[in-house]
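In structure tokens, the next block holds one chain alone, the form predicted alone.
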């Protein structure tokens, strides 16, 4: 049974929107567009014309980057749209469930609630460094569990799933659940992508993004990677013309080989700064624990989170607070060397005032 059989039954026969044909060299009198571009419209594909329904060239470039086939990849508006599409495709409102470990990226819960899917949570323990017991997680599933989200490296804890654990989950839930691996931060980890497991596991879906390591958060470009029949079905659910022409061209330029060296250096610099900051946390008495991280952030447990956040705000530094089970923790994004110097200076000043 393929991943398509996990899809909502009423969507399996869905046909994509029949957009006006786009044929190079032909006069377009079939799409109700303006025939003239505006002054100052210097894009390769002028803005008076609709973009491609799906950006074929960009999809091919991303597929090359991620070592998958072009028909195994759908370009999305960031991973957020990918999460939303997967919830809508896999889960019937009021009937199906979604399993997520906790703590993790809050958008999984958000889109599950929008879709009306029941949320099943598997809570990890900070005393065990937020590690996941795969067998216990599998036991949380029931006959309605259509999607399981795995963020690796996990946000906000920074820990990775092993491919061995992932394979166990894929095999245990074969023909029952889509296993969705969100790899938004994988470029900061010394780990190959789960995409290499796709050929042997039909129920695997991988989410990738250009927001983090490629410094394109403002462009909102992600990828949903799965078997070709599943991608075809999800594409039928995605809105036509999802990617705007300026964004497509910006990302195509970014992915040119001559432009990738800069962002690869960015990633190396962030990893260096991350490890330096994590090591420095041990010198501050108000930091009670720092978790290792494979991402561009790390999580710290502190004596008084409210006081730390207020102190950093006064120094024009914003840290991330989550509350709940992480009420005594903050997540720190790794910045530039200068930004990190300011962070450590603020931490040092706070430690001195508390001495």
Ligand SMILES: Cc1ncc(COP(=O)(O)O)c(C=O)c1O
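The structure displayed is predicted, hence computed values, not measured ones. Numbering follows the first chain given and starts at 1.
The discussion below concerns the form predicted together with the named molecule, not included here.
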Sort through 74-82, 162-170, 239-247, 135-143 and report the only stretch with a non-hydrogen atom within 4.5 Å of the named molecule in the predicted bound form.
74-82
86, 151, 225, 98 - the one with a heavy atom within 4.5 Å of the named molecule in the predicted bound form:
151
Exactly one of 122, 284, 105, 266 has a non-hydrogen atom within 4.5 Å of the named molecule in the predicted bound form; which residue is it?
105
In the predicted bound form, does every one of 184, 209 and 212 come within 4.5 Å of the named molecule, counting any heavy atom?
yes
Can any non-hydrogen atom of residue 109 be found within 4.5 angstroms of the named molecule in the predicted bound form?
no
Taking 4.5 angstroms as the cut-off for heavy atoms, does residue 201 touch the named molecule in the predicted bound form?
no
Determine whether any heavy atom of residue 220 comes within 4.5 Å of a heavy atom of the named molecule in the predicted bound form, and answer yes or no.
yes
Quick one: is residue 193 in contact with the named molecule in the predicted bound form, heavy atoms, 4.5 Å cut-off?
no
